[in-house]
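One chain comes next, on its own, written as structure tokens: the form predicted alone.
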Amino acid sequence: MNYSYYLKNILFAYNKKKVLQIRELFLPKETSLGIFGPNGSGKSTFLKLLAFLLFPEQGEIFFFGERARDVCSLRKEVTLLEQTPYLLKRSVFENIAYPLQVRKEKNIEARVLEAMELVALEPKKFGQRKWFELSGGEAQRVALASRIVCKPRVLLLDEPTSNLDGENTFLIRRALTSLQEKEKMTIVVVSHDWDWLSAFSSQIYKFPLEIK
């Protein structure tokens, strides 16, 4: 079994309007995958299906070889970073530590510092900085760190570099590349930036997607 997801006979619609239809699709595991296409082509819906936040009207989703049933358990293995980052009204350190605290994990400080360094946030400089003191790019990197700190099997990102400057765009790509290589994580990224996506992804799927 060399895939993270297997989708079969998937149909998803909003208000009876078909948004996504997939006859059969395998997504390889432990690699970086890109999703590219125009607005309204089903990309964000696709990510939410992979995150088990939405469910198809028809069809089946298999996750690492097992039919997706216990979504509460599966949601602990998949994390989604949406386009607009949401931060708690706390310090950078506390934002990143929060998911570990909720799960009652151990070695929280060491894991937070590791995640901060991965996304190029110097702990001494940023650790106690408040959420409102961050630039857009810094906030996005904090949000990313708060997702990767739990080391999910799959990381999903929806336009992680939209409206960011060149430096932050580069830092996020470098962090994701390093993360994938180090943790052998499956990373799926939706982006309108073809050049960025091409440089990052080992395989790109173009939407609208209808695979027969």
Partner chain sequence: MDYLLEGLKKAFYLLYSLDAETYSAIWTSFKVSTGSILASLLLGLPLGFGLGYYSFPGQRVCKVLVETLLSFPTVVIGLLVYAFLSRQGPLGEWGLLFSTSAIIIGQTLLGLPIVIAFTATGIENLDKRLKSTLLTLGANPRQVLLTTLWEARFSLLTAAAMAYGRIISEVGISMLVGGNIKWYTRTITTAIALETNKGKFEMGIALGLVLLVIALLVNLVLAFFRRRAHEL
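Throughout, rigid core stands for the largest set of C-alpha atoms superposing within 1.5 Å between the two forms. Numbering follows the first chain given and starts at 1. From a predicted model like this one, the values you see are computed outputs, not experimental measurements.
One more form of this protein exists, namely the form predicted in complex with the partner chain; it is left out here, but the text below deals with it.
Student: Taking 4.5 Å between heavy atoms as the contact cutoff, choose which of R173, R153, R147, K43 touches the partner chain in the model of the complex.
Tutor: Selected residue: R147.
Student: Of these, 105-113, 120-128, 72-80, 133-141, which stretch puts a heavy atom within 4.5 angstroms of the partner chain in the model of the complex?
Tutor: Correct option: 72-80.
Student: Please determine whether each residue of L53, P85 and L88 possesses a non-hydrogen atom within 4.5 angstroms of the partner chain in the model of the complex.
Tutor: Every residue of the candidate spot has a heavy atom within 4.5 Å of the partner chain in the model of the complex.
Student: Aligning on the core only, does the CA of E133 end up 2 angstroms or more away between the shown form and the other one?
Tutor: The answer is yes, as the C-alpha of E133 shifts between the shown form and the other one by 2 Å or more after core alignment.
Student: Does superposing the core leave K89 with a CA shift of 2 Å or more between the shown form and the other one?
Tutor: Shift of 2 Å or more: yes.
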